[in-house]
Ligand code: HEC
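Okay, so here's just one chain, in structure tokens, the form predicted on its own.
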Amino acid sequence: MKKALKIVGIIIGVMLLFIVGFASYVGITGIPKYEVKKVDLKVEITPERVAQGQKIASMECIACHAGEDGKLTGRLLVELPTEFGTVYSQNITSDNEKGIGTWTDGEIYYLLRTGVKRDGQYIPPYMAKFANASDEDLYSVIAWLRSDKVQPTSEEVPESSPSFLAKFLSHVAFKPLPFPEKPIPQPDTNNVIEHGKYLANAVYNCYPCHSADFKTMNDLVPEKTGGFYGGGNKMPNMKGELITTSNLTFDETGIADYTEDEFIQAVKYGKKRNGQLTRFPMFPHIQLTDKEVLAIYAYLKTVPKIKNKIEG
């Protein structure tokens, strides 16, 4: 009996030693770095691409990277749960020193796809990745970044201070997304449900906020995200108050009673059916067409219902 207890004690001791050692390693090394694949890419800048890139960026990039003056110098992401640490978005203007002016189109494209910067630094899930977006849409974002719509500025924000949790999850759970092995085409806009799925999951990233928790999100296969579109994710507003995200499934506790027009009013103009306005970090998406919003509406009807009544 004593021998058995001794063996158990040794095993527990070794396990504790491993845990302490791994925790120290995570704390010291921080967010891991990865090898970067060289991507030969030169995006042709056309008015059509700039316009489409600006549309996507207005809902995906500008919201996080615009400072108080509107310039894309980065800001403190107050809407990010504090458990991830103190996180700043970065300067994404064409400034050569503080921004991404010296980045190649291929380096920007690789970051948008995988979440890995040109120096190999991985950016955890608080930056949107576009694993399933079409090549053309990402080319449009790059064209917009290269255009005169984004003026260079040398302003910069402090470095982020990710929490131990963010560092730990980046070692064991959050990993760079695989670089696509083949081109990703534009969606079939005549297939309303598939188009809505593409807009909601691949480009405008509705599911991370409107699912259960950022820690369970799956960028590669969004449907595997915990509580997919069932809401309940708690996000701080500008005052630090926690706002619980809405259930967007067509359950009676979600949006089953929403008409198409009411859904358009909520998504495009921030007007909920009860007369209230949506609150930050949700914001109006006036850049979307009614057709695009209704495609998202049609897709959400196909998402498995989740019974989750969100108070308030």
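Everything numeric in this text was worked out from a predicted model, so none of it was measured. Numbers follow the displayed sequence, beginning with 1.
The form predicted together with the ligand exists for this protein as well; it is not shown, and the discussion that follows is about that form.
Undergrad: Since exactly one of T73, S160, T114, S140 fits, which has a heavy atom within 4.5 Å of the ligand in the predicted bound form?
TA: Checked against the cut-off, the match is S160.
Undergrad: Quick one: of I92, A133, A166, M217, which gets a non-hydrogen atom within 4.5 angstroms of the ligand in the predicted bound form?
TA: Of I92, A133, A166, M217, the residue with a heavy atom within 4.5 Å of the ligand in the predicted bound form is I92.
Undergrad: Does every residue of V87, W103 and T245 put a non-hydrogen atom within 4.5 angstroms of the ligand in the predicted bound form?
TA: Heavy-atom distance to the ligand in the predicted bound form: all three under 4.5 Å.
Undergrad: Any of the heavy atoms of G67 lying within 4.5 Å of the ligand in the predicted bound form?
TA: Output for G67 is no: heavy atoms all beyond 4.5 Å of the ligand.
Undergrad: Although the ligand is absent from this view, report whether T153 comes within 4.5 Å of it in the predicted bound form, heavy atoms only.
TA: So T153 does not count as contacting the ligand.
Undergrad: Taking the shortest heavy atom distance, is M282 within 4.5 Å of the ligand in the predicted bound form?
TA: Answer yes; at least one heavy atom of M282 falls within 4.5 Å of the ligand in the predicted bound form.
Undergrad: How about A212 - does it come within 4.5 Å of the ligand in the predicted bound form, if we only consider non-hydrogen atoms?
TA: Looking in the predicted bound form, residue contacts with the ligand do not include A212, since no heavy atom lies within 4.5 Å.
Undergrad: Thinking of the ligand in the predicted bound form, which stretch from 173 to 181, 120 to 128, 217 to 225, 186 to 194 has heavy atoms inside 4.5 Å of it?
TA: In short, 120 to 128.
Undergrad: In sequence order, which positions of 203 to 242 have a non-hydrogen atom within 4.5 Å of the ligand in the predicted bound form?
TA: Counting only heavy atoms within 4.5 Å of the ligand in the predicted bound form, the contacting residues of 203 to 242 are Y204, N205, C206, C209, H210, M235.
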